[in-house]
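The chain below stands alone and is given as structure tokens, in the form predicted on its own.
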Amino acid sequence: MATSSSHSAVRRVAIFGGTHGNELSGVLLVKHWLKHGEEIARRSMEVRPFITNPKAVEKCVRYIDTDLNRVFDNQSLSGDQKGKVPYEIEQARKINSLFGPKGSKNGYDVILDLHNTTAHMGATLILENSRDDFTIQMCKYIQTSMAPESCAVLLIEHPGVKYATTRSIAKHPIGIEVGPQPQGVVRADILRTMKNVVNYALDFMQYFNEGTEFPPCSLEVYRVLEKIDYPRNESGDLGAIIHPSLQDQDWKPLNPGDPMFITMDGEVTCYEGENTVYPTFVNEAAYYEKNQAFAKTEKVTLMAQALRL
């Protein structure tokens, strides 16, 4: 008999939009659901839509003082800082008090955090824990429901690339990235895909609460290995840009010897690694400031036990 994993019913779910104020699919959907909550209502649980960074949303910028999606660490949330506190850290503490506290049994069961990317990633689920059977099963359900449209799963568990996300205060955090979509722009096809992903996630939780048992499953994910920066000159400015053969090729294999960057003079930098990898967040506009041209990932398969109440 297959081993099963028993979990409590899901009672409280939050849907975050506007963690980055210029990623408009999540902003528009959450604002819509604040007025039309019946569209996301599920009878077995509370579903709460929430605009996480209202000042950034108002100005249609990524953030005001600092990236809200990087400050949910214990130090930022503790309130020990002296002097003027950045707006996003104040907001992080407010969010933590409403939906957490982080790491406690009182935190929300699930947070779906809605994001757009300028990279050609399609629908992507961001997983933070490779040992969480509940979240793995949810990703598998969403991925299957999305077919034949692709839905990649990105695992950001590596300590060198993991960051303190807004959604990390939940017991089961899920990031939802959909692109490509320019910052400050909304596209109907991207918005529709994001809406579908959210509804499939809510359906999964409702079925689980009703007693549906989900059999053991395997899930192919892309595990982040490291972040790759652009070549830079002695002043720190860009020395090269993404090569045309890599542009828009998120999730496609990058083999040893394949071009990665090209200079204004046409000089090409090729990938010198020993193994095939799978780039993602390729040429993401928001990551220029983070010194990241793309993230290098490898394919791995996660296993989840059968899931039941």
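Note that the structure is a prediction, hence the values are computed from the model and not measured. Note that residue numbering follows the sequence shown and begins at 1.
Not on display, but discussed next: the form predicted in complex with a further copy of the same chain.
Mapping the unseen interface onto this chain, residue 283 counts among the residues with a heavy atom inside 4.5 Å of a further copy of the same chain in the model of the complex. Remark: residue 147 does not count among the residues lining a further copy of the same chain in the model of the complex, judged by a heavy atom distance of 4.5 Å or less.
In the model of the complex, a further copy of the same chain sits within 4.5 Å of a heavy atom of residue 184. Taking non-hydrogen atoms only, residue 265 approaches a further copy of the same chain to within 4.5 angstroms in the model of the complex. This chain is displayed alone, yet in the model of the complex one of 238, 85, 161, 217 has a heavy atom within 4.5 Å of a further copy of the same chain; that residue is 238.
Note on contacts: among 212, 74, 104, 233, the single residue with a heavy atom within 4.5 Å of a further copy of the same chain in the model of the complex is 233. Only one segment in the set 267 to 275, 28 to 36, 46 to 54, 251 to 259 has any non-hydrogen atom within 4.5 angstroms of a further copy of the same chain in the model of the complex, and it is 28 to 36. Contact here is defined as any heavy atom lying within 4.5 Å of a further copy of the same chain in the model of the complex, and by that definition not a single one of 7, 115 and 200 is a contact residue.
Contact annotation for 137 to 164: no residue has a non-hydrogen atom within 4.5 angstroms of a further copy of the same chain in the model of the complex.
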